[in-house]
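Shown below, as structure tokens, is a lone chain in the form predicted alone; questions about how it binds or moves come after it.
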């Protein structure tokens, strides 16, 4: 699985520990190995297409379970099996700032979704649910193949300013500002209901990510991603980091859509990736040649890292 070992450039990797040997990632040769390496990508795509299929089937063909609609509504507000309300908490926050009175079910739905992502999912909406992720991943793949350089530098803080602007405009104009122009909502309506400007908006995002800035929309502009970043700071599902086995090959940084979250010194100190910007996409986990990264629950990480460190010190 590993390529030839190479000496570590400690300056580049941000590590001062001597004696480490870098082992670079080599893709598996077998179909079984490839499928295992693609496991999180496959699960993410199944989740994204599955959610779209449930919305589409319910809207177009009246899919039901026990006589109740399977998944009605849209990504802003929906209902699962006619029982569980769900609502985008960022959209609801914008609506509250317009001083409109919202139904109790909408508020409950927003609390359910916010609670899930704050306590369990983190910013996983961006990598596991959002349909725009399919487009931005395609642009990133083509960009890498064509070796397209960045056209300009764009700060990741822009999306936080976009978040603030969305909330301010909602309060000033009396409408949910981002919902009016959201390409996420546009694409969802286009796919499910066949109406709107979804394809035009998505083409713009694809070209922006391909030709202007790498991971431009999700990583630099999207206010919804910034919102879930704030929620993700409290999440209990984390990428655990085993410093005792990591060689700082930085393969994980190369594939991460939010590479700044992989701060090795901070991760070594905390035993995990702590940034709320992490989308829990799993790319770093599957590409790590030393299996130093894995999904884990925050309360268990310290003990699991201790066990791994003890195991690594045992003689072969």
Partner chain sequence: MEARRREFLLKTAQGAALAACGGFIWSHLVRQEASAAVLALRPPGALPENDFAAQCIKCGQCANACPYDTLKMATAGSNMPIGTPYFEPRKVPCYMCQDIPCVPPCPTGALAKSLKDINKARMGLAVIDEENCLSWLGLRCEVCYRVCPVKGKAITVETHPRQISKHAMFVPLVHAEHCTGCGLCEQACPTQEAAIRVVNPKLVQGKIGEHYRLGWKREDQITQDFGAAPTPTEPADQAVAPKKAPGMDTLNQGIDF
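The shown structure was predicted, so the numbers you read here are calculated from the model rather than taken from an experiment. Residue numbers count along the first chain shown, from 1.
Below, we refer to the form predicted together with its partner chain, which is not included among the displayed structures.
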Taking heavy atoms only, is residue 156 within 4.5 angstroms of its partner chain in the predicted complex?
no
With the partner left out here, check for me: in the predicted complex, does some heavy atom of residue 95 sit within 4.5 Å of its partner chain?
yes
Is residue 91 near its partner chain? Define near as a heavy atom within 4.5 Å, in the predicted complex.
yes
Contact label in the predicted complex: residue 101 to its partner chain, heavy atom within 4.5 Å
yes
So if I measure heavy atom distances to its partner chain in the predicted complex, which of the stretches 236-244, 121-129, 168-176, 208-216 falls within 4.5 Å?
168-176
Identify whether its partner chain in the predicted complex is within 4.5 Å of every residue in the set 137, 229 and 271, based on non-hydrogen atoms.
no
What residues, if any, in 42-78 have a non-hydrogen atom within 4.5 angstroms of its partner chain in the predicted complex?
59, 72, 73, 74, 76, 77, 78
